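Just the one chain here, laid out as structure tokens, in the form predicted on its own.
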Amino acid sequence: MTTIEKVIEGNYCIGCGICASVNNSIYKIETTKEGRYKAINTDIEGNNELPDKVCPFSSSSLNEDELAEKYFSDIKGINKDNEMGYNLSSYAGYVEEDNYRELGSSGGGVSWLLNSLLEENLIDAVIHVKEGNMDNIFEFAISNNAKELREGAKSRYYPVEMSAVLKKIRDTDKRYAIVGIPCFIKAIRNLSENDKEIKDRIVYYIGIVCGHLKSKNFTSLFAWQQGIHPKDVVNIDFRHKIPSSSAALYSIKITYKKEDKILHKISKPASELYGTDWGLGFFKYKACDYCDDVLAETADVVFGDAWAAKYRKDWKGSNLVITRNKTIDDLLKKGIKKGKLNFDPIGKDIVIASQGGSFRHRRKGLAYRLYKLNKEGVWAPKKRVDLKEAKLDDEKYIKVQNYRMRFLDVVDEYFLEALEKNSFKHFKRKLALPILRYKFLVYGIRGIIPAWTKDLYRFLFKRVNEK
């Protein structure tokens, strides 16, 4: 059995579509009942060797260290770090020029850089995620100019796959930049190692820091809470900025159809909505628990949110940026010099502080998950973490990891039941006890005290002090 078959059988497929994009591939991408993309073996005669070499969770593909060494190790002045990977420069900040920052999820850096690559005639077009249709609200598409490029701004917590767009670019002779999350960038790098057409066409790789990828039901979850049936959703802005708050405090804006009218609804802050606990991971892909790449180590540059305290207080948002390509590094430096970019050089401490949760989950947490599966004799993708990092003496941490692993399947099961019953209340009722147990496990008694009692206590305590 090829490793990609083990990936699919073990439900580690991220649904990126790279295997299906291979010429004469035996694989195609389908949507599961849980709202995720997944590779399916068509059982027809065709190419099954190359898909195994490009799957980001296959042991037959090159890992992040092997790929990064090929592309970055010979660059003058580049550094290498266990957490950050190869790096030339690190920044935190935002775009001053035009309205890039307002239109983006954080600092507007991705759109600014892509537009600069177009203006400098370094690329002809961009492959990135844009609005789709009501069946697939978002999808990978091609932008050929600045106007089209702006349509792809913002974060998309939604499943996408790349098979169709990669097949489309084979029929052109254009030069592209591609934007993707770490595992997608890794897969495209592996494809380019085995496919000259792709290598010639994709010339710049822009990475996006990813906590984890969500299923389509994550969108349905937010719609249902606002009294909108999931089937009526036309579009969703997962990061609708709230003026005069912190960068971490944002709303969900849903565009939906009702009686042939297009309407909009903006939620209360997303942190107050049901199912936004990133630790519990509502509707995430199982594969995301077996990824060890926080900062898109195979990308020429990676952008994320600068969640460090200094930057998160600005509601307009700030980017975390790490460069690995000299041309891109020079473009950013020129933008800073001309006052188009308000970027501060930062050290590793700010990088780690901005993405601390991801590093813990994909180092110590991943080591334990791999240790657990290895002990049970269950196959798992080969990763770069040492199983000795599992911290088996930390009983509470182990319990939390075990709970999160079980929680994934429970969420899917109960949400499908709720859809069948057309009842969001059913979903919340079924999850009430599991979530209560989790909160008690993580936070102790304060984790299960209702929020209104805490607010009442603060109010009364304030009144007493005023007297």
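For every residue, the number given is its place in the sequence shown, counted from 1. As the structure is a prediction and not an experimental result, all values here were calculated from the model.
There is another form of the same protein, the form predicted in complex with a small molecule; it is not shown, and what comes next is about it.
Contact with the small molecule in the predicted complex, judged as any non-hydrogen atom within 4.5 angstroms, is confined among 202 to 210, 372 to 380, 259 to 267, 220 to 228 to 202 to 210.
This chain is displayed alone, yet in the predicted complex one of G85, G104, G335, G275 has a heavy atom within 4.5 Å of the small molecule; that residue is G104. For the options Y368, Y311, Y176, Y157, the one in contact with the small molecule in the predicted complex, meaning a heavy atom within 4.5 Å, is Y157. Though the partner is left out of this view, Y91 does not reach within 4.5 Å of the small molecule in the predicted complex, counting heavy atoms only. A residue is said to contact a partner when one of its heavy atoms sits within 4.5 Å of a partner heavy atom; N319 meets this definition for the small molecule in the predicted complex. When contacts are judged by a 4.5 Å heavy atom cut-off, Q355 counts as touching the small molecule in the predicted complex.
Within this chain, A153 lines the site of the small molecule in the predicted complex, having a heavy atom no more than 4.5 Å away.
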